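In structure tokens, one chain follows: the form predicted alone.
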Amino acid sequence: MDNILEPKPYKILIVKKLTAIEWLFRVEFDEIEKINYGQFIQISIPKIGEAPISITEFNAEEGWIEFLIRKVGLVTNVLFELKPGDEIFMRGPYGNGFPFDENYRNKNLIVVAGGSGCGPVRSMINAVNNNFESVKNMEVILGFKNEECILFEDDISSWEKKSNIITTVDEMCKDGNCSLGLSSGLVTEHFSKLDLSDLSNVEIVIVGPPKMMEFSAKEFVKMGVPEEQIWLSFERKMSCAVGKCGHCRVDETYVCLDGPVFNYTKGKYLID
């Protein structure tokens, strides 16, 4: 019988610095057929520890997956010391991911992501961008603290060719003038720019800090979007990732097993 908690070694292929504390890691992987958008992997460093990291992109033909990793703890501190050719240990994928085929296909898909919350939605946005016929339309709002914190600029440039992409920063742009194509203000300040003319055919995905998800979801509900058409993705302290340790449990809900993606009808009770 396979040990579901046993990690396997994989080689790092590419390390790319996106911001001072957020780097992109491309790692070889041999079980890509199991991956759904929005799932996560448990990454471990022997004698150091283990951390859950969202899969931000994957390529079945070339056999790799990518992670957006933020330097925030012991495991990630060591990860930032590694280079291409080094090995890390991984197990997964885990979680339920975004229900694209069941709920988003042929719909008006709106994605709102804040900061490193861009990581879990990037593979789905890329997939739609490469096969735009899979949805009726896609609009994206990306929120960052300031211009220096903007992630995936190359991807954003590609998405802008087909979709309404609003990239906004919380802090006032330098000298009061934002770079070309950049807006300022909270993500919620830009919801009026979205096409919500057909509320029956819209699905909304929100990923980011808990308060950002809470206020964004409440604002969409105020605008008439049914709760059943809003989806949240949670980032909690997931330790075992298989529903055994209880670290991620909120009441009777195991975020690692039942999430990290939740419909707002349930997710609204999980926001801290």
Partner chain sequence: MSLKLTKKSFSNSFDKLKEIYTIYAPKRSPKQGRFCDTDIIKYDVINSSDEIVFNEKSNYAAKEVLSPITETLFYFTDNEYRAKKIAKKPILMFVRACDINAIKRFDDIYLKNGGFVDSFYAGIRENISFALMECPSKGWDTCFCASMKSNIVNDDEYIFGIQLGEEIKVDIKDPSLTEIFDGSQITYHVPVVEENLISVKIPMISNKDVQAKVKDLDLWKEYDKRCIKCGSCTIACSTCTCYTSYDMSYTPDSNAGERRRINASCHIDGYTDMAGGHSFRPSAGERLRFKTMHKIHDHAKRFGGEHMCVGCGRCSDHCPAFISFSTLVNKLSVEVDKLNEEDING
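Given the structure is predicted, the values throughout are model-derived calculations rather than measurements. Positions refer to the first chain, counted from 1.
Keep in mind that the form predicted together with its partner chain is not shown, yet the notes after this line are about it.
Student: With its partner chain left out of view, choose which of E214, E203, E50, E66 has a non-hydrogen atom within 4.5 angstroms of it in the predicted bound form.
Tutor: Flagged contact: E50.
Student: Pick from 26 to 34, 40 to 48, 55 to 63, 222 to 230: which stretch has non-hydrogen atoms within 4.5 Å of its partner chain in the predicted bound form?
Tutor: Selected range: 40 to 48.
Student: For P84, is any heavy atom within 4.5 Å of its partner chain in the predicted bound form, or not?
Tutor: Result no; P84 lies far from its partner chain in the predicted bound form.
Student: Does any part of K237 reach within 4.5 Å of its partner chain in the predicted bound form? Heavy atoms only, please.
Tutor: Heavy-atom contact with its partner chain at 4.5 Å: present for K237.
Student: Report whether the minimum heavy atom distance between D258 and its partner chain in the predicted bound form is within 4.5 Å.
Tutor: The answer is yes: D258 has a heavy atom within 4.5 Å of its partner chain.
Student: Can you check whether F89 is within 4.5 Å of its partner chain in the predicted bound form, heavy atom basis?
Tutor: Flag for F89 set to yes.
Student: Going by its partner chain in the predicted bound form, which residues of 216 to 249 come within 4.5 Å of it through any heavy atom?
Tutor: The stretch 216 to 249, when checked against its partner chain in the predicted bound form, contributes E235, R236, K237, S239, C240, V242, G243, K244, C245, G246, H247, R249 at the 4.5 Å heavy-atom cut-off.
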